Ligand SMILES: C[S@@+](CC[C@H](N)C(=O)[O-])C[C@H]1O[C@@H](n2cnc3c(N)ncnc32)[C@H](O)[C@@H]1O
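A lone chain, given as structure tokens: the form predicted on its own.
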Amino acid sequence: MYMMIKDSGGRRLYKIAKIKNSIILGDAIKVLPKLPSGSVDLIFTDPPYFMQLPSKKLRRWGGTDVLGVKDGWDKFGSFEDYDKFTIEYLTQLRRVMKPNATIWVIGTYHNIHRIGKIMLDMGFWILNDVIWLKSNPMPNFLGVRFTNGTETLLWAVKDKQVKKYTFNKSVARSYDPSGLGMNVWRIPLCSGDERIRDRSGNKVHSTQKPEELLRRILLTSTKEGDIVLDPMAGVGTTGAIAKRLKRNFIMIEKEKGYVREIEKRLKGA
């Protein structure tokens, strides 16, 4: 079971027992301060990339357009605005983490270095950077630089003193042919039946993450019954995988269209 909660400006504080396994329709910057401190075991966040794409369209050899990230939620006025946004949500995420909780933040070269610097300045201690190596990256049509085939995940604790965080070593090693549990995960981009599309066949979310990525994150760094928070949930991959793996979830998402897709997805999870 799950609940869909529409955030109200008048609500002061959510009780964790009341929002377990729920989707909160609202802006993370406004909702996160209402979550109790020290209440979640793991956070996965996939913030805007602030890609700053040119207005010029890229076209494939066959004549079709390359659909990049052009959504309104990825637009910021400046690096300063983006940094302010990053500090706001990371401050609240650090607050709601339990003492031994961990956080995963994913990004591209456009934003992950800024986020990492801010995290270190705030006191987070980065345990690993995990490289998601895409086995089917977006084609490189212009040929003026290397094909971008990776994204970076930062895995961190609240501060350097945290020791007893969850890490399932045997699971991590099972993903690595060498058995070493290395920090490179070869996973294809979300495609086929897994990719959520509208009636016209267009992608509902431009950066939908593959289920296998979240499955690895949850299996390596949570236990059954843990509470997993995704404050920018998109189309709900985190919650769908958490439900299958017997973890509790809290998802926050401000786009109504995405929330509708999350509800449909959880019914089938």
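When you see a residue number, it is the position in the sequence shown, counting from 1. Predicted model, so just to flag it, every value in this text is computed and none were measured.
This next part talks about the form predicted in complex with the ligand, which is not shown.
Asks: Okay, which stretch from 240 to 248, 35 to 43, 208 to 216, 221 to 229 lines the ligand in the predicted bound form, with non-hydrogen atoms inside 4.5 Å?
Replies: Residues of 208 to 216 come within 4.5 Å of the partner.
Asks: Answer for F85 alone: is it within 4.5 Å of the ligand in the predicted bound form, judged on heavy atom distances?
Replies: Residue-level check for F85: yes, a contact with the ligand.
Asks: Indicate whether K20 is a 4.5 Å heavy atom neighbour of the ligand in the predicted bound form.
Replies: No - in the predicted bound form, heavy atoms of K20 and the ligand never come within 4.5 Å of each other.
Asks: Should Y49 be classed as touching the ligand in the predicted bound form when contacts are defined as heavy atoms within 4.5 Å?
Replies: Flag for Y49 set to yes.
Asks: Is there any non-hydrogen atom of R260 lying within 4.5 Å of the ligand in the predicted bound form?
Replies: No, R260 sits far enough from the ligand in the predicted bound form that none of its heavy atoms falls within 4.5 Å.
Asks: Using the arrangement in the predicted bound form, list in sequence order the residues of 19 to 43 with any heavy atom within 4.5 angstroms of the ligand.
Replies: Counting only heavy atoms within 4.5 Å of the ligand in the predicted bound form, the contacting residues of 19 to 43 are G26, D27, A28, I29.
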